[in-house]
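Coming up is one lone chain in structure tokens, specifically the form predicted alone.
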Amino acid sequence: MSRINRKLRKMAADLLDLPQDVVFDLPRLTMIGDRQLYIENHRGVLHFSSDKLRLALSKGELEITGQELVIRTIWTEEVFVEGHIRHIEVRDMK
């Protein structure tokens, strides 16, 4: 995304009071303790096991590691994960 385009999006988001995750196509993560994680705005599951979940993002990947991970709900752009969540990492793919 060009620098000018990014600045215009930021100005529009500020002016219209829009959430930046919507304007910039960013993931939204909601975590409850270390037991539940709700992820919005992903692009698909790349890998899933009981100790690792990798999701595609519009610009990179999201990796969740832990123990006894279970996908409770999955929709087109939303995932709800439960288990003992130990680490969350966003990997930028440029």
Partner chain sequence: MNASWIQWVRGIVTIRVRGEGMEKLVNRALGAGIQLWSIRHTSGGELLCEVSVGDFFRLRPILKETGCRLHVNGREGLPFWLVKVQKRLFFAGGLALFFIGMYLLSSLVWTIEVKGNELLSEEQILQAAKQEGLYPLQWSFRLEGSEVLSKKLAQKLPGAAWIGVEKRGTKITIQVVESKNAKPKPLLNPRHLVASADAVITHILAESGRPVVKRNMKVRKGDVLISGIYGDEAHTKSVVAKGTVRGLVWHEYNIVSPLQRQLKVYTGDTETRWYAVVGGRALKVSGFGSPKFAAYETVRHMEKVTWRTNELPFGRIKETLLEVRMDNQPVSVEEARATGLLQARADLLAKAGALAEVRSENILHEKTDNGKVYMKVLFEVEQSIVAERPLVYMQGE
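Keep in mind that this is a model prediction, so the values were computed, not measured. Residue numbers count along the first chain shown, from 1.
Omitted here: the form predicted in complex with its partner chain. The next part is about that form.
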Verify the contact flag for Val70: yes if a non-hydrogen atom of it lies within 4.5 Å of a non-hydrogen atom of its partner chain in the predicted complex, no if not.
yes
In the predicted complex, does Thr30 come within 4.5 Å of its partner chain, counting heavy atoms only?
no
Considering non-hydrogen atoms and a 4.5 Å limit, does its partner chain approach Gly60 in the predicted complex?
no
Consider Leu26 of the chain shown here, and say whether it contacts its partner chain in the predicted complex, taking contact as heavy atoms within 4.5 Å.
no
Any residue of 38-61 with a heavy atom within 4.5 Å of its partner chain in the predicted complex counts; write them all down in order.
His42, Gly44, Val45, Leu46, His47, Phe48, Ser49, Ser50
